[in-house]
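Only one chain comes next, encoded as structure tokens, the form predicted alone.
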């Protein structure tokens, strides 16, 4: 249908998908009628339909905007650690339609992980990287996921994450955090988004993003370490993980400019 003055969403729905329940207009769902202008992006959705890869791509373009989609779909993000931080970061990036994730972790899912990590009871005993891949593919079957079932250390960091545009540090152990950041800053060129200080539940407003040096961003309050009675819990870990994912998105958008 060629554009003409007075063309509106109602006419497009009637012509192309009269059974549509949802109309996404320039990134936002609308319920009423709107006049359409040249360059507008409209996507018509029927509840319950499972989109194919091309339809999903168009949905993401409509929902996130072309600039965001173009900035992330051809990029690679590395995730070092698939625990409370890494599993939540990966889910957020999959929903953003980041094109490729490289996820490295040596561990298996344990019952104690379920207080904050994005796994299910029936995945206990599975390698975390495989359990996370399964969960991500249910969310976004069109993303490329490369898993590395190894303990990340100074000897393999550069090899595993050499293709990454951004690297997320998602470890619990302070020594492993320090080693990853030190090696990544010296041997890789990608920016690193790390985390420090997210234990417990108090002072959640102090969880912020700081940039202590070039290419390094640190999420957290910088103080609260895990200890007896002050452990890692889903709410605060989730806040930090989504701040990580948001900073990763910002860096990918900056790179695309």
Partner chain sequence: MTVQLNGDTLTVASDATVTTLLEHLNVKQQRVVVELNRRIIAKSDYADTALTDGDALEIIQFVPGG
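Because the structure is predicted, anything quoted here is derived from the model rather than measured. Numbering follows the first chain given and starts at 1.
Another form exists, predicted together with its partner chain; not displayed. Remarks below refer to it.
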**Report entry** Segment that reaches its partner chain in the predicted complex - one of 32-40, 58-66, 214-222, 201-209, heavy atoms within 4.5 Å
**Finding:** 214-222
Query - Listed residue (185, 108, 74, 145) with a non-hydrogen atom within 4.5 angstroms of its partner chain in the predicted complex - result: 185
Query raised in the report: Should residue 197 be counted as a contact of its partner chain in the predicted complex, where contact means heavy atoms within 4.5 Å?
Result: yes
Requested in this report: Spell out, yes or no, whether the shortest heavy atom distance between residue 135 and its partner chain in the predicted complex is within 4.5 Å.
Outcome: no
Report task. Determine whether any heavy atom of residue 84 comes within 4.5 Å of a heavy atom of its partner chain in the predicted complex, and answer yes or no. Result -> yes
Query raised in the report: With the partner left out of view, is residue 88 within 4.5 angstroms of its partner chain in the predicted complex by any non-hydrogen atom?
Result: no
Requested in this report: For the heavy atom contacts within 4.5 Å of its partner chain in the predicted complex, list the residues of 174-190 involved, in sequence order.
Outcome: 174, 175, 177, 178, 181, 182, 185, 186
